[in-house]
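In the block that follows, a single chain appears as structure tokens, in the form predicted alone.
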Amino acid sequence: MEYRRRAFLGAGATGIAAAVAGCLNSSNDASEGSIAGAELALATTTSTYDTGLLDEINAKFQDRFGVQVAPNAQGTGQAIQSARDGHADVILVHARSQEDEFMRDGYGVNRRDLMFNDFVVVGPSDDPAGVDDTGQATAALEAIADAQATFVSRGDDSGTHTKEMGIWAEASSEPGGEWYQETGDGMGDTLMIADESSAYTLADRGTFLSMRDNFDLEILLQGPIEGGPELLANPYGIMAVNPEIHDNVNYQLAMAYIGFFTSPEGQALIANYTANGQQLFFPEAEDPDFQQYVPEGWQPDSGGE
């Protein structure tokens, strides 16, 4: 998907500093910033969108700075590809190996740890494969494969799919056959399909908890948040698209968004966001430092002067 972009009021290096500093100063309002009226193209995962967290964050950001955020929720692989193609200003994803490759290839700058939750293995309450007795992620998938119980995979190169493939790579069994189904869909749709099929799937905790009233699936193997295996950890990162690679990206606005999301206010919004009485994400950002946000060698647009 290619985003439509609004004209941006160039503000130079001073504008970047003001935008980011404004994110960290709770007394700032939209009239004081240089980014009012701009639009941010955000490439992100379905889990941040389906849980409703982005609605919460983006509304606060918009109120503070008078900007629009245009999120495009896809699998992590698709989100990263859209950024590689120059169709996003900032990306928020959860597959560290793909994020690191994106950064190594020079497409991203200023990656920041943002938040985390974990993955869980969910399935029908009668648990025909005995996942509840396994205690480990690899053993859980091996038990499903041995029983040839239906497993529904996202199959979409998302962060969740990347994690699933990593677990299979460490397991002694391989996915395949009639019992293994790929949806090519987001987490919410995949959960609904698994529920309709009385099947197992790997889900991020946030999406599962936010939607659990819609189906009968149960968590059969917990992730590390509830004492489960560390292999099911699910960290999220946020990073700007490199303006030296794509000069059409709105770097100033991307930095303001990253600054807001990683600021004490943004981190508090993450910590306080709940669904069905349960926290969905846990903040993990370090204290922001403006100098960390400026890519080496980058010169701001003079705004036509």
Partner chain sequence: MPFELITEPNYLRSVIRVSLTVSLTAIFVSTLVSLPIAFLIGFADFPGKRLVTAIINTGMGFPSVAVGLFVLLFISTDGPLGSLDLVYTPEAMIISQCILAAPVITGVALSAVESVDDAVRDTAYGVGGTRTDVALITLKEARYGVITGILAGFGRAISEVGSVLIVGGNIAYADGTSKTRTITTAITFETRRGEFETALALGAVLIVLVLLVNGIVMRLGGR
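Positions refer to the first chain, counted from 1. This one's a predicted model, so the numbers in the text were calculated from it and none came from an experiment.
Beyond what is shown, the protein has a form predicted together with its partner chain; the following relates to that form.
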Please determine whether each residue of A59, Q62 and N248 possesses a non-hydrogen atom within 4.5 angstroms of its partner chain in the predicted bound form. yes
Only one of these stretches, 175-183, 135-143, 217-225, 79-87, has heavy atoms within 4.5 Å of its partner chain in the predicted bound form; which one is it? 79-87
Please pick, from E170, D113, D189, D105, the one residue with any non-hydrogen atom lying within 4.5 angstroms of its partner chain in the predicted bound form. D189
The listed residue (I270, M255, V69, I238) that reaches within 4.5 Å of its partner chain in the predicted bound form by any heavy atom is V69
Test of understanding: in the predicted bound form, would T46 fall inside 4.5 Å of its partner chain by heavy atoms? yes
Does its partner chain get within 4.5 angstroms of any non-hydrogen atom of Q74 in the predicted bound form? yes
Is E244 close to its partner chain in the predicted bound form, meaning a heavy atom pair under 4.5 Å apart or at it? no
Any chance M211 has a heavy atom within 4.5 Å of its partner chain in the predicted bound form? yes
